[in-house]
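First come two forms of one protein chain, each written alone as structure tokens, so that there is a structure 1 and a structure 2.
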Structure 1
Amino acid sequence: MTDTRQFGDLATQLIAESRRSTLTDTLLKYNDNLVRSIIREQRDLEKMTENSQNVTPAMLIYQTTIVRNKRCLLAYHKHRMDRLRDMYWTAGGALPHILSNQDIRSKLSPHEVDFLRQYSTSVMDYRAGFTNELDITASITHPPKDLHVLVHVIRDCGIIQTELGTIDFQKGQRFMVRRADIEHLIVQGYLEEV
């Protein structure tokens, strides 16, 4: 059974996947197979255009397809990069937290992991310059109204050291603590603001 397809069909599938990811607001697994088959298609097309010197309509079609494939690949990767970047910022720049989460880790390709790492390094370098005036990785969606915040423990996070002493967070209890100390725990989902 031959696998007859149009040119650029695979690329459209890739775009459909990106679209699905946007609509369901989730990060899907990096579709390595599809990307590889598109690249293979590109190579085949390139081979076909290499030989002749004349500009025939067939050549034009190959050229268009090649350009389209390239554009789709770029769009897919950019889309994923944007999602990863958003995820990074929502997590407050806690890269180890993202990477240690098996759920997410399994969806990334090695290159994407590298991208995240380097991005994180850049942000950290940038942030280090003025961290005593402003912490850019802190949340800005809800400006804090109060110095202290009442939190409810959702998941056990054990004993946390803060600059005001140690706090032992246990499930089913409520604490009133300084916001700055536990902001990162709220973002990571261990605590919930009441």
Structure 2
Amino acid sequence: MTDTRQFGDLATQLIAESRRSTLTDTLLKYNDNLVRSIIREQRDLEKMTENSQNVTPAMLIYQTTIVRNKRCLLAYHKHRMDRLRDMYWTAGGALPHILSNQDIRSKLSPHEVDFLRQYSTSVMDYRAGFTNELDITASITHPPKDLHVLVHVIRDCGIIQTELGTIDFQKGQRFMVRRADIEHLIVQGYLEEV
């Protein structure tokens, strides 16, 4: 039995993978083998089209497949970049928190790690201009009602410098602190609002 496939089948598999990722609301492992196979198919199709002088129906099919494969590759990578940006903002702009998670890190390609680092650098550069007035990485889904918040320490996070001094957050302790000083620790999962 021979394995036959049509041009563009690999790109369809890539789009199906993106759809599966969206439906399950997870980030699947970067499919490097499939992406490379599509790029090889692209090169083969481009060689077939550049050697021909006349326009034939087969040539139109090759051209259409080339364009479709490119669109599928771009859609796959755009989908992954959107998922990475969403993860970044969900973690409150805490890049080390994302990259230290081995489950997430194993699903990323080296280029995606570079993208996250560059994205974080861009956000921090933008944020530096008005960090005293506004924290753009803070969650806005539930606006704070009070300036101070009672928190329970879930994981040790060491000594944190606040406007009023230093606080040593050790697991199991409770503190009443200014929300602005520890908002990032709540988002990262070190502290829990009581």
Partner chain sequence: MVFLPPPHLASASRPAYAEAYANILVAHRRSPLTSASSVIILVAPDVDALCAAKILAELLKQDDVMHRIIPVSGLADLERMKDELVTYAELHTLILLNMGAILDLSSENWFGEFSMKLTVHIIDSNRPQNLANMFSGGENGERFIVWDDGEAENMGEERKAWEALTYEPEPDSDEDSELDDQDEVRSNEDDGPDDDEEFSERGPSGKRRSLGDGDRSQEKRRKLDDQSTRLSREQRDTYHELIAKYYGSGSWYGQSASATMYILATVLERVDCDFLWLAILGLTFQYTTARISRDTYDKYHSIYYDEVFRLNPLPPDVAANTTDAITAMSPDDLSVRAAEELRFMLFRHWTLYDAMYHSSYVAGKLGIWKERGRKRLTGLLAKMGFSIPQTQQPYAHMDLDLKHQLRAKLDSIAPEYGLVELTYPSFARCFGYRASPLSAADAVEAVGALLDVAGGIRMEVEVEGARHGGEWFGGGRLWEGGRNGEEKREKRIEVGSRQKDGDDDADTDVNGEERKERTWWVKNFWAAYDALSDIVPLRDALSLAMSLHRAIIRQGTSIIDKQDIRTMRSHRVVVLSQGPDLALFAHPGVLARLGLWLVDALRDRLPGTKIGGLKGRGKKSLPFVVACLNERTQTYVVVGIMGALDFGDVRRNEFGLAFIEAKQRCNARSRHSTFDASVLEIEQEDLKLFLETLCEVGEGY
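All values reported here derive from a predicted model rather than from experimental measurement. Heads up, when I say rigid core I mean the largest set of C-alphas that superpose within 1.5 Å between the two forms. Reference numbering: structure 1, starting with residue 1.
Of the two forms shown, structure 2 is the one predicted alone, while structure 1 is not. Relative to the superposed core, residue 181 shifts its CA atom by 2 Å or more between structure 1 and structure 2. Relative to the superposed rigid core, residue 19 undergoes a CA displacement smaller than 2 Å between structure 1 and structure 2. After superposition on the rigid core, the Cα of residue 150 moves by 2 Å or more between structure 1 and structure 2. Structural comparison between structure 1 and structure 2 after rigid-core fitting shows the C-alpha of residue 171 displaced 5.0 Å.
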